[in-house]
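Below sits a lone chain in structure tokens, taken as the form predicted on its own.
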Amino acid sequence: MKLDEIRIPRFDAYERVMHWMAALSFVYAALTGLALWTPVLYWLASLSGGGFVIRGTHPWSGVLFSVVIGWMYRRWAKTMYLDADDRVWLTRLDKYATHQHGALPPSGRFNAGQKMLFWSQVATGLLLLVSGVVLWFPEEMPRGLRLAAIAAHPLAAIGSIGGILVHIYMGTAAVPHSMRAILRGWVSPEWARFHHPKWYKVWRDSANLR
């Protein structure tokens, strides 16, 4: 078989289900949360079941998203720590944004940007869960904690939504064929060699290819 005919496994079925559960629960939680946050965006409630419905479903969609983020943490945390190349990569983020990939150090299975997105979603997800529980049961919470949650919840949501929007852009328009990995589970050797050369080298060596 020719090298360009080989499919490199990138995400197994377990990881793809996990990703799409996170995506769906996040979109629903974000839409319903924005509708409840301000009257300007209340029209979003009609896309999510109506005002009465989303008051009950929004907290549970947030819990589901938090659970899946925890699931992702168990699965990927060990591969998400920054190494020396990642730290250099982050100092050259402008090169990545302008597609000057030759000026970047090689990336492993996940590049430094993906790793930072992972940790930011873990942090904002935890903050959203804690502040959301406070707002879900305000009668049982002290006044100071309620006030802190009122401020923290939308700020964490804005940070999380911003990160996911960047993720969507990078996974569709900015890096062609990335969606194939999360839909079908595989990438081409050429794609892997260009975007994640250290990861590609590990795969190539394990497959005894040159």
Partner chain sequence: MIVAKLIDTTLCIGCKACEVACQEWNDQEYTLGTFNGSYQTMPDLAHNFWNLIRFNEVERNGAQSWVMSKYQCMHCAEAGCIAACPAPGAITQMANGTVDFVHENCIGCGYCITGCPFDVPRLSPATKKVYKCSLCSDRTAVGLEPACIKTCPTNCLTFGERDELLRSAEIRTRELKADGHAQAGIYNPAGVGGTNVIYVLNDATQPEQYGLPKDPEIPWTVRLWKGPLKALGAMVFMGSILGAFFHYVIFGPQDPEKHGHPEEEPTHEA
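Residue numbers count along the first chain shown, from 1. What you see is a predicted model, and the numbers here were worked out from it, not measured in a lab.
Missing here is the form predicted together with the partner chain; even so, the following discussion is about that form.
Q: At 4.5 Å between heavy atoms, is residue 91 in contact with the partner chain in the model of the complex?
A: Outside the cut-off, so no.
Q: Since only the chain is shown here, I'm wondering whether residue 180 would be in contact with the partner chain in the model of the complex (any heavy atom pair within 4.5 Å).
A: Residue 180: no, not in contact with the partner chain in the model of the complex.
Q: Under a 4.5 Å heavy atom criterion, is residue 84 part of the interface with the partner chain in the model of the complex?
A: It does not: once the partner chain is placed as it appears in the model of the complex, residue 84 has no heavy atom within 4.5 Å of it.
Q: Even though the partner chain is not shown here, does residue 60 get within 4.5 Å of it in the model of the complex, heavy atoms only?
A: Residue-level check for residue 60: no, no contact with the partner chain.
Q: Under a 4.5 angstroms heavy atom criterion, identify the one residue in 70, 185, 154, 171 near the partner chain in the model of the complex.
A: Among 70, 185, 154, 171, a heavy atom within 4.5 Å of the partner chain in the model of the complex occurs only for 154.
Q: At a 4.5 angstroms cut-off on non-hydrogen atoms, which residues of 70 to 96 are near the partner chain in the model of the complex? List them in order.
A: Contacting residue: only 96.
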